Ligand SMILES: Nc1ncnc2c1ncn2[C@@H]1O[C@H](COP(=O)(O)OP(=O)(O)OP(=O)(O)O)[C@@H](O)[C@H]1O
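One chain is shown next in structure tokens, namely the form predicted alone.
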């Protein structure tokens, strides 16, 4: 049985936000009689994460994702609730636990801007008390895995964003953390840099059994994980397998794409006599949606009778579609 790396029970966190009034009169009232609003960022959030899991922690803006990460890393304290990390109470063993985790918050750097990357790594070596043998071994592995051998001698300010993020990832992994928290780790990166980081995360997770909790709005980042925790307005509304998530929040509809030989003069209304949910018909391509109970084969047969079908593609709603629909509140 795998060891539990994170156990969060009934985490609550609220923030007191000032309500500022406009105008000259409002400015005086703000000074002497300021009103406030209580925002509940987390409401009785519970979850358990085992050793070696990669978990996507998702939700729309304001759902409580970053608040959770800040609580798990000791940046802020919960109003109430219990938190155990690596089998120990976090509040009573904070310093020891923090030495065994790695954290990356988007583009916020832990590297010294005007110094070569290796100088920052040397500082982290001393901070985390990494022995010489482990430091050399880890640096060699991470430099090769993340393709930064030619970067660690350069000043951080001379690196591109993608190069710097790869160096940042090496920095948080240098001390062999048992748990890694990544908050929007690929924001602003190009497709190649994003792919490289995702692949290395999977590789590091597989080789070292590192537990990874990742928040992101990029569904490709989310797709790295096998498990999804979904927050909405501070409450956990789903916790489970990625496939189950898609089945629960996605529709059972199929998206159908039919391509014809030529752009014949056929009116869209004619197709509507066969299938009602037409998404588009342009450039010889017809797109429509059907439910599982609809007679798809008959629809296609009737369409083919109107105009011979050249190509056909049938797909279920993607993870990207599901999450976009949830964020839109539909």
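Since the model is a prediction, treat every value here as computed from it, not as a measurement. Positions refer to the first chain, counted from 1.
Below, we refer to the form predicted together with this ligand, which is not included among the displayed structures.
The closest heavy atom approach of residue 66 to this ligand in the predicted complex falls within 4.5 Å. This ligand is not drawn, but in the predicted complex it has no heavy atom within 4.5 Å of residue 283.
At a distance threshold of 4.5 angstroms between non-hydrogen atoms, residue 49 is out of contact with this ligand in the predicted complex.
Among residues of the shown chain, residue 239 is not one whose heavy atoms approach this ligand to within 4.5 Å in the predicted complex.
This chain is drawn without this ligand; in the predicted complex, the residue among 175, 178, 196, 217 with a heavy atom within 4.5 Å of it is 217. Comment: this ligand is not present in this chain, but in the predicted complex one of 223, 184, 119, 200 has a heavy atom within 4.5 Å of it, namely 184.
Looking at 34-56, the residues that come within 4.5 Å of this ligand in the predicted complex, counting any heavy atom, are 39, 41.
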